[in-house]
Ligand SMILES: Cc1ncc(COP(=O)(O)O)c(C=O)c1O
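Next up: a single chain in structure tokens, the form predicted on its own.
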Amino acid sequence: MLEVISPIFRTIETPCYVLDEAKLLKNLRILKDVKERAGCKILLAQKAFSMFSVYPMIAEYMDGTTASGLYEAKLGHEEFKGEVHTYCPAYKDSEFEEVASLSDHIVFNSIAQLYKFKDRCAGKSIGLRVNPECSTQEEPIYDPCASGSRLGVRACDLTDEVVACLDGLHFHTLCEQNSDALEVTLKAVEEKFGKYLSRVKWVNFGGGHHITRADYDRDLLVKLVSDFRDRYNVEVYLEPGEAVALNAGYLVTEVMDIVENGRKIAVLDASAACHMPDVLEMPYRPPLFLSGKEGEKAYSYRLSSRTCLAGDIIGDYSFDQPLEVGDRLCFEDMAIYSMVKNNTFNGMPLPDIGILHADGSYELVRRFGYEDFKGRLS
């Protein structure tokens, strides 16, 4: 029988997302230290992690949430009790009044959207997303500065008249990057938008900062933020999503069958397509507890799912001992972009959601069933 992260994982129903409370707290303490040293505010980007049962815990360390639309704004407002910042590439008329009522900051993506809705933002802090046209990553799908991007206003299109309507500017260009990428981006922001920076009250540096990663240069981040804040006399916001719950969760799954077709293939009760869509979308190979790359250890397997999708493959892994039906596997770093993106394709049940508390105890937070599948259909 394979080892698992906690003996409790042998007894829980699978598949199950399990949040590791101790690792979450470690991340939160790092973020609190950064914001205190840098003199900035840090918000939870809900698009990466929306496990609202732990929002009260997160609220002890962070200042609020960011939302990408009405539903996330409602969730942050109802469950977090901190600031709510909403940015959407385009707001619907039918939703805007409620969005405005829930939000403290409302950020627009275009000048047309700003002029359309600004008079309906009484009492709210108004911002505009800008595009510094400075790419620091190689994947176009995650690059808001790529040629032809719809995200943000270019410097050539911004005017004094537009800036006069604003309280703040927002940019978001990073994806899972270190502070050296922010340093490059800030130089571009200052070169293109410098004449406007002292005329606003706040600047939001967006997300994509992997602040809690082991190799992240937090001292550089603190210097960049504090120097920028002092130079332009503005309040600075950071809005990490992944960094909040980075490496703080698991997807526990069970081996249901092992088949052979030129190689050994383990069929799991978890699915890449349904339960960890980024595995196929990015794509990437998720870390798996006590495993190696194919051929690295004695016994290699392709890990797949019980859906009917031929390409529902999680990846190729190796182990020190043969897999057996009934073995439990623990995929790591499964708190982020998992619960927020999962689906019920092929009638697959959604995984349970639980918490491994810091004292070693386990709490089942949510169990889903047939009605959750049926309720999305008609």
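Since the model is a prediction, treat every value here as computed from it, not as a measurement. We number the residues from 1 along the sequence you see.
Absent from the display: the form predicted in complex with the named molecule. The rest refers to it.
Stretch 232-240 is the contacting one of 132-140, 192-200, 232-240, 280-288, since its residues have non-hydrogen atoms within 4.5 Å of the named molecule in the predicted bound form. By the criterion of a heavy atom within 4.5 Å, Gly127 is excluded from the residues contacting the named molecule in the predicted bound form. Shown alone here, Phe108 lies farther than 4.5 Å from the named molecule in the predicted bound form, counting heavy atoms only. Taking the partner from the other structure, the named molecule in the predicted bound form has a heavy atom within 4.5 Å of a heavy atom of Tyr337.
Interface residue remark: Gly208 is counted as part of the site for the named molecule in the predicted bound form, having a heavy atom within 4.5 Å.
The contact residue chosen from Met348, Ala45, Met62, Val34 relative to the named molecule in the predicted bound form is Ala45, the criterion being a non-hydrogen atom within 4.5 angstroms. Contacts between stretch 146-173 and the named molecule, counted in the predicted bound form as any heavy atom lying within 4.5 Å, involve His170, His172, listed in sequence order.
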